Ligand SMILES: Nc1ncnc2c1ncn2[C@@H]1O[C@H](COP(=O)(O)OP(=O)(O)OP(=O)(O)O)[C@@H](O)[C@H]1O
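For reference, the chain that follows is the form predicted alone, supplied as structure tokens.
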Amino acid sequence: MTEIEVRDMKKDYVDEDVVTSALRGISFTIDRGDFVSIVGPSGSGKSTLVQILSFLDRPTGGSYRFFGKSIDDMNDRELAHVRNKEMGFVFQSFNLLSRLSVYENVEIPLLYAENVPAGDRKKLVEDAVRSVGLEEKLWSEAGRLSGGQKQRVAIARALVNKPNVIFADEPTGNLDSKSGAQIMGILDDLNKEGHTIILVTHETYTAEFASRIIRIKDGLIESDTPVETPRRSREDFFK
């Protein structure tokens, strides 16, 4: 099933009559359950692309369809609803509230979700935290965790709404190599469970955990190629 369909997408920014083209007509599709890396240097347009794919911005030309529905047919409130329900986000800087517990950080998306009774939130949070191997840290302050643990909390938060697609923006950028491998292993496991993973990275090693790499340069797709043998970490992460 096609989850994301982009056709001739363009994005222009205008500042005092000066037009800067961040995206200059790109096309691709992503199927449900894919693991795709989007790679490109600073200024290539990859961040703009992901902002549009995640409903944080709109294109100025071309089309974007999410599960067959055009972004043009949805108002901002509808986009926010779909974003909260269908998408999860993992950032380089973790974006946790350091004085809140792991439980409280992971619960945050549920507080904004419709049709999630308060009585169901506890199990959803505990299941998400367990899935990243941090159940013993459930009530620890997020600010007291290591970098790798913080990123695992961020993944649990991304998972708690059971989204179809997870956007991971440089998720290993602030981590050492061992912690980075743990995070990529978790993302790999989530992909095997059926989640679509869209990874933004400048690291070739990290990008090769995906089954496909889209390279962006100067607002255009430079290449879109499969990874013949995606990397798979065999480390026992939680021991």
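Residue indices: 1-based, along the sequence shown. Just so we're on the same page, rigid core means the largest C-alpha set that superposes within 1.5 Å between forms. No experiment lies behind these values; they were computed from the predicted model shown.
Just so it is clear, the following notes concern the form predicted in complex with the ligand, a form of the same protein that is not shown.
Trainee: Check for me whether the ligand, as it appears in the predicted complex, comes within 4.5 angstroms of all of T20, G43 and S47 - heavy atoms only.
Mentor: Yes, because T20, G43 and S47 each have a heavy atom that approaches the ligand to within 4.5 Å in the predicted complex.
Trainee: Can you work out which of R58, K69, H202, R32 has a heavy atom no more than 4.5 Å from the ligand in the predicted complex?
Mentor: Answer to the contact question: H202.
Trainee: So which of 59 to 67, 207 to 215, 176 to 184, 34 to 42 is the stretch with heavy atoms within 4.5 Å of the ligand in the predicted complex?
Mentor: That would be stretch 34 to 42.
Trainee: Does the ligand come within 4.5 Å of any heavy atom of E228 in the predicted complex?
Mentor: It does not: once the ligand is placed as it appears in the predicted complex, E228 has no heavy atom within 4.5 Å of it.
Trainee: On a rigid core superposition, would S223 pass a 2 Å threshold for CA movement between the shown form and the other one?
Mentor: No, shifts by less than 2 Å.
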